[in-house]
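One chain follows as structure tokens, the form predicted alone.
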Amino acid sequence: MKKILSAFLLLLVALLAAVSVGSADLSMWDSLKILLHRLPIAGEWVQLSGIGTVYETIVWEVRMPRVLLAAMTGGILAVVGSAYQGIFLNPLADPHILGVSSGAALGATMAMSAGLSVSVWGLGAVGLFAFAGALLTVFLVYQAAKIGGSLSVMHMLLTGTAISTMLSSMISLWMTFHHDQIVKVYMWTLGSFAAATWEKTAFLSVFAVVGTAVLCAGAGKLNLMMMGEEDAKCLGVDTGRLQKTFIVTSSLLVAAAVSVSGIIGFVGLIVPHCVRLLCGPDNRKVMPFSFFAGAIFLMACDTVARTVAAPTEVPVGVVTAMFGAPYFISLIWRERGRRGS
């Protein structure tokens, strides 16, 4: 419990640092006062003397929803990555392994090409179509992987790969007839939180809280299942139900995250690995700490993305790849050296 509290406090410090950095630099103390001033009870006791209303608007209306959205997206991708790696018994499994990102990309591409302008739950047409495309893809993969009414994990992986490849081809074909949208679609697939709003933050927070709670609640059973499906059944675990719960919940989480941020790689792949190095293989520790670590990591990457080339913004997916790819290669080399020794 103390470690969870420490991780939560570290997350708050990282959040405070992230909202303080930008073209209009503020001290962390001033940012803290602005945030406390907005709280219902504490706001009555905190005065903003010496801090202009412009800075208050920047911190609360511009930076805060963006930072929170990045934190929740990072947490979701990391906790789903740890769940997939456990349920598929594959250390290379990541949140996009079932073709969710390709389905979301196709939906977003269609919305951009059609020039639609609607808004539901704080999501614009692109976000809505991305969310719908991701969910439809998961449904197709899930139905195609069923054998005799039961779910086959191996068939899900193979079907996900096949459908993902097919959807990527459809996107390429669609772009052949809509050249004017290529740059916009390409930038969306690299991920960004530039369009963050409080409505999007509220939308994603529902999925983040409920979905993460469901996954963490099943972490103990996942430990047993990783020992072997037959052994888990002997210990009273309904493995089929556990697989369905984890896959459906994880897919919903990823679909929601992708709809507000675009496609961001490496977070769900490397963060769980880092957490396991520190906490061991117990999923009851790995999952909650992965959420905190993923949130901090993506907040840091987004801060770099919006400041390193200001006033131009670098896609956050580029930053995560620059940090994630070298680290992941080092993990592979370390494992290779361990087995060779």
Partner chain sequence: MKNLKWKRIAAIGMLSMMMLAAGCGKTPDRAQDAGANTQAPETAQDASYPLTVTDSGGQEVTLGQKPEKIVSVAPNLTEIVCQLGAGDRLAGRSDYCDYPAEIVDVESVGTIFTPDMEKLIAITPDLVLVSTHFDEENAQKLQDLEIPVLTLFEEHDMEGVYAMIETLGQALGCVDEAEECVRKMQDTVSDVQEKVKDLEKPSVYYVVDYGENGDFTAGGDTFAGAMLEMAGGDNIAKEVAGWSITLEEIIEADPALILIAESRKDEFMQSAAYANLTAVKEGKVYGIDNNLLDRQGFRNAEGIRTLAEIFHPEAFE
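Positions refer to the first chain, counted from 1. Only the largest set of C-alpha atoms that superpose within 1.5 Å between the two forms is called the rigid core. The shown structure was predicted, so the numbers you read here are calculated from the model rather than taken from an experiment.
There is another form of this protein, the form predicted together with its partner chain, and it is not shown here; the text below is about that form.
- in the predicted complex, which of the listed residues (C274, L36, A300, V62) lies with a heavy atom within 4.5 Å of its partner chain? Comparing distances to its partner chain in the predicted complex, the residue within 4.5 Å is V62.
- Query: Of L158, L140, M175, V248, which one comes within 4.5 Å of its partner chain in the predicted complex, counting heavy atoms only?
  - Reply: The residue in contact is M175.
- Counting only non-hydrogen atoms, choose the one of 132 to 140, 72 to 80, 101 to 109, 249 to 257 that falls within 4.5 Å of its partner chain in the predicted complex. Only one stretch qualifies here: 101 to 109.
- Message: Would you classify M28 as touching its partner chain in the predicted complex, given a 4.5 Å non-hydrogen atom cut-off?
- Response: No, M28 stays farther than 4.5 Å from its partner chain in the predicted complex.
- Query: Heavy atom to heavy atom, is S23 within 4.5 Å of its partner chain in the predicted complex?
  - Reply: Looking in the predicted complex, residue contacts with its partner chain include S23, since a heavy atom lies within 4.5 Å.
- Do A208 and its partner chain share at least one heavy atom pair within 4.5 Å in the predicted complex? The answer is no: A208 has no heavy atom within 4.5 Å of its partner chain.
- At the 4.5 Å heavy atom threshold, is I171 in contact with its partner chain in the predicted complex? Taking the distances in the predicted complex, the answer for I171 is yes, it comes within 4.5 Å of its partner chain.
- Message: Need the contact residues for 182 to 207: heavy atom within 4.5 Å of its partner chain in the predicted complex, sequence order, or none if there are none.
- Response: Heavy-atom contacts to its partner chain in the predicted complex: I182, V183, K184, Y186, M187, T189, A194, A195, A196, T197, K200.
- Does superposing the core leave A310 with a CA shift of 2 Å or more between the shown form and the other one? Not so; A310 is displaced by less than 2 Å.
- Does superposing the core leave P281 with a CA shift of 2 Å or more between the shown form and the other one? No, the C-alpha position differs by under 2 Å between the shown form and the other one.
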